[in-house]
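Quick heads-up: it's one chain on its own, the form predicted on its own, in structure tokens.
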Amino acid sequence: MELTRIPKRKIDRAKIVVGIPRAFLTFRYQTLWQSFFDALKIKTVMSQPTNLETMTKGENKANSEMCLAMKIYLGHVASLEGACDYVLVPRIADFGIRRVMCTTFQALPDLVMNIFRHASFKVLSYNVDSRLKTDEKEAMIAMAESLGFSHSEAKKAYKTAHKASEDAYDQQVEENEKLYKQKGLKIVVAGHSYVTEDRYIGKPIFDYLKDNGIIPIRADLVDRKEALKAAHKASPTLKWELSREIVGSLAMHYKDIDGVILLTVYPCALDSMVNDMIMRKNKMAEIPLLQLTLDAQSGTAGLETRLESFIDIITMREEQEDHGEE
């Protein structure tokens, strides 16, 4: 499968501009990608944070069955039109046996190339797929080689970027873990980083919780190795990598929190199954739990009403426990 539209002619590397859509896996790999291109001295441009215009652009490009996160992603890709030569759209299929990604991430380069077939930019991609025995390192080195860099140049850039990414994530996890030990009511928001970190759909929920005296904690920021072990105990057959990290994170921390918000976007098939499993099988059933499904509606009144009620439930439960009531 051809994943790039890189011309075979010699490329002037000094003039390359790579666009990065501020959506989907960018929130997971931003440091890795940015450091990689910086090391290769390739100029990058990132789309602006999501706003109503981004949403509208994405909805115009998407079909009705695509999830909200996909519509947002397409809006970010559209916003990079005219600002770059290439748009980075990786294909990440899996990380090994029972460690697969959503099919959206497997099909993403093909989807973008077809939807934006008349765009001025080309799609730049790399392919992570255990069946093809290509891991992240090999795939990103191959991508750089396709741009005209030598193997040694690409390998050195990946080494630098990988370390920067690991260091940055470790720091994020360390800061997140500190929140579990703070005094006060703590609610874990269990959602994918492209939902929790998105300024337009996810951040307002964190802001609302903070404004109402709650300590919001992200479930997706966790020691991934430990989370995968914990997830296996909760469900040995769960195979989606990002969902396993979240399930494992909840299993590791449920004793330290007062409530859980399962945050998803409509219509995410994976979350609909995984969240149901969390509610039915996990020990989280002992803790107040709210499931929020975000759609493209711009109003927040209904969302705030549900959050307000959920906070009231947790607060009353806390007060009853303080008074020794059952």
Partner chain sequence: MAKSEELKVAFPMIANYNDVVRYFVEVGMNQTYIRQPKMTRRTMKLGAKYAPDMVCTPFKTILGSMIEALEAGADTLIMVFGYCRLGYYGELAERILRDLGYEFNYINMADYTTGKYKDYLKALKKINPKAKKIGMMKAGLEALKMMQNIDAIEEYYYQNLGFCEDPVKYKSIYTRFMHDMHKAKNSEDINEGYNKALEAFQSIPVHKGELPLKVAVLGEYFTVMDEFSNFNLEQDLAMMGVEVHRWMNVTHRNLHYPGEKNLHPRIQEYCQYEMGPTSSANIWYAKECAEKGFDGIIHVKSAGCTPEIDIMPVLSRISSDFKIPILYLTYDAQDGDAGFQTRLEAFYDMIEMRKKVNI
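Numbering follows the first chain given and starts at 1. What you are looking at is a predicted structure, and each value in this text was computed from that prediction instead of being measured.
The form predicted together with the partner chain exists for this protein as well; it is not shown, and the discussion that follows is about that form.
Only one of Asn114, Ser152, Gln171, Gln182 lies close to the partner chain in the predicted bound form, with a heavy atom inside 4.5 Å, and it is Asn114.
In summary, among the residues Lys163, Arg98, Arg199, Lys210, the only one with a non-hydrogen atom within 4.5 Å of the partner chain in the predicted bound form is Arg98.
Of the candidate stretches 220 to 228, 171 to 179, 78 to 86, 233 to 241, only 233 to 241 has residues with heavy atoms within 4.5 Å of the partner chain in the predicted bound form. At a distance threshold of 4.5 angstroms between non-hydrogen atoms, Glu138 is out of contact with the partner chain in the predicted bound form. The closest heavy atom approach of Glu145 to the partner chain in the predicted bound form falls outside 4.5 Å.
Using a 4.5 angstroms limit between non-hydrogen atoms, Glu286 is distant from the partner chain in the predicted bound form. Interface residue remark: Pro109 is counted as part of the site for the partner chain in the predicted bound form, having a heavy atom within 4.5 Å. Using a 4.5 Å cut-off to the partner chain in the predicted bound form, each of Met70, Thr103 and Ser125 places a heavy atom inside that distance. If you take 261 to 280 and check each residue for a heavy atom within 4.5 Å of the partner chain in the predicted bound form, you get Tyr266, Pro267, Ala269, Ser272, Met273, Val274, Asp276, Met277, Arg280, in sequence order.
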